[in-house]
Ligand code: NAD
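Only one chain is shown below, in structure tokens, and it's the form predicted alone.
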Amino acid sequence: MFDSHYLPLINGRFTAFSEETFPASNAATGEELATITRSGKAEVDAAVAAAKAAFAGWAATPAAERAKLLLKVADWLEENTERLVQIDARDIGRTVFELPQDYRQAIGQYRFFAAAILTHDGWNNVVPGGWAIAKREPYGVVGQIIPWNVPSIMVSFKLAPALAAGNTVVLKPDENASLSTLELAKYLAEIFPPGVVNVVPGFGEEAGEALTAHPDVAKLAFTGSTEVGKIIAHAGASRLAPVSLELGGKSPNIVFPDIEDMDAVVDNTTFAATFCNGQSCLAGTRLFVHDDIYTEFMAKLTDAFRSIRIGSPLDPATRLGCLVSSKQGERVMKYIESGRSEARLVTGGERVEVADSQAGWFIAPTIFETGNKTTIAQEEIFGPVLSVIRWNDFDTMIHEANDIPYGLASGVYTSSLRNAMRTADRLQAGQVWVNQYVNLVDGSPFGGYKASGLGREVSKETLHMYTQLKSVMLAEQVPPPFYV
């Protein structure tokens, strides 16, 4: 299924300059799955040098040829989805039930950008005595750093647009979720010219810091916490390198009293808070429920949370697996303890034991009734913990929905077009999903307001992030003498 040891991918070869390794461990059982060579400054320097040397040739490759290779990546992922799902389920504790959707979305990204790059051009116009042209050109070497929660999606969000646009890439996967990325890297090494794609697994303070500080990295792209995003933004600013960031969230999910199918809304809001084991920056973790339906809705929501089947990530019947690590588990439990002291615990709140998976941090789906100013309502928890806030005044609710440092995603449930549109207009969020949370569509811009990031992914707008404009003015002839 996977190798016992992995090396960084540098210049088309799997190689390293260090003998230091770190383990990839089964999130549920603690079993060591493989060892991975730990990339440091030497590996990053070599990867950047390889990407820099490969850039001119790759940028000159016709867009149609670059697109063909992205389509090959999509086909390979499609053929290997079942195996890669099994790897991710072990590596990060996500369930085999929901991981196939990750790969469907990742496959869609490679195919979307393979098509989008063919129509991504600049601008031209006829002017008196000549022509005015604006052409889009890739930046060069792009340094990309991704998190552990949805590795296949994160790799596709970063690689597909950057490569389509003609950049070369040095990618650092998270140390908690490198296996499926390194399996993909074996195929990337086969089909892309050496140096076009380089993968340097390792830790943020070593590989990540070396990559963000490297003077030959022309652009940085990061998905992860807002705190680390600020550090990377400073690193880019220090040498005026452009930075795109997809960061944290604490998304409001708003239920109006005019909903027609309460059971369906309860199901979707439950999914919004607990998919990805709650470890998602776009999760709907603040649920605003109107007074008129609050009691009935909360009863159904509580039953829905209690009915979620917790178990081994490898069991197809499991709907909630384990958190990625003990560090993350302990972090979530600290937030739950904070919630016990400042809000009302409705259900959940405890660690659950699962047979043959004693090392895993399985957290019961948790609901708190709370106000908007509590710690659990303001800070990103990254676990299956939902804060429910009661509302009855539209303006007050909108104020509270926006009264947060973040602005990544949001949800609205209503049968009224007026309610949907006036709420969408006033929410300070990059995504507003009406009547279906996490309604991600290839080509629909994805990104955040405020502390949730800079830039947009998943769309043609993303190609703008990975290219820069050059203006070329062509005159038919040299003008008559000016100084005579």
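A residue's number is simply how far along the shown sequence it sits, counting from 1. Bear in mind that the values here come from a model prediction, so they are computed numbers and not experimental data.
There is another form of this protein, the form predicted in complex with nicotinamide-adenine-dinucleotide (NAD), and it is not shown here; the text below is about that form.
Engineer: Indicate whether Ser225 is a 4.5 Å heavy atom neighbour of nicotinamide-adenine-dinucleotide (NAD) in the predicted complex.
Structural biologist: Yes - in the predicted complex, heavy atoms of Ser225 and nicotinamide-adenine-dinucleotide (NAD) come within 4.5 Å of each other.
Engineer: Contact with nicotinamide-adenine-dinucleotide (NAD) in the predicted complex for Lys172, defined as at least one heavy atom pair within 4.5 Å: yes or no?
Structural biologist: Contact with nicotinamide-adenine-dinucleotide (NAD), yes.
Engineer: Would Tyr187 count as touching nicotinamide-adenine-dinucleotide (NAD) in the predicted complex under a 4.5 Å heavy atom rule?
Structural biologist: Looking in the predicted complex, residue contacts with nicotinamide-adenine-dinucleotide (NAD) do not include Tyr187, since no heavy atom lies within 4.5 Å.
Engineer: Applying a 4.5 Å heavy atom distance criterion, does Glu369 contact nicotinamide-adenine-dinucleotide (NAD) in the predicted complex?
Structural biologist: Outside the cut-off, so no.
Engineer: Within 4.5 Å, heavy atoms only, which of Leu77, Leu320, Ile146, Val289 is in contact with nicotinamide-adenine-dinucleotide (NAD) in the predicted complex?
Structural biologist: Of the listed residues, the single hit is Ile146.
Engineer: Pick from Gly108, Pro194, Gly348, Gly204: which residue has any heavy atom within 4.5 angstroms of nicotinamide-adenine-dinucleotide (NAD) in the predicted complex?
Structural biologist: Answer to the contact question: Gly204.
Engineer: Using a 4.5 Å heavy atom cut-off, which stretch among 258-266, 245-253, 335-343, 391-399 contacts nicotinamide-adenine-dinucleotide (NAD) in the predicted complex?
Structural biologist: The contacting stretch is 245-253.
Engineer: Has each of Gly208, Ile232 and Cys281 got a heavy atom lying within 4.5 angstroms of nicotinamide-adenine-dinucleotide (NAD) in the predicted complex?
Structural biologist: The answer is yes; Gly208, Ile232 and Cys281 each reach nicotinamide-adenine-dinucleotide (NAD).
Engineer: Counting only non-hydrogen atoms and a 4.5 Å cut-off, give the residues of 359-398 close to nicotinamide-adenine-dinucleotide (NAD) in the predicted complex.
Structural biologist: Residues within 4.5 Å: Glu380, Phe382.
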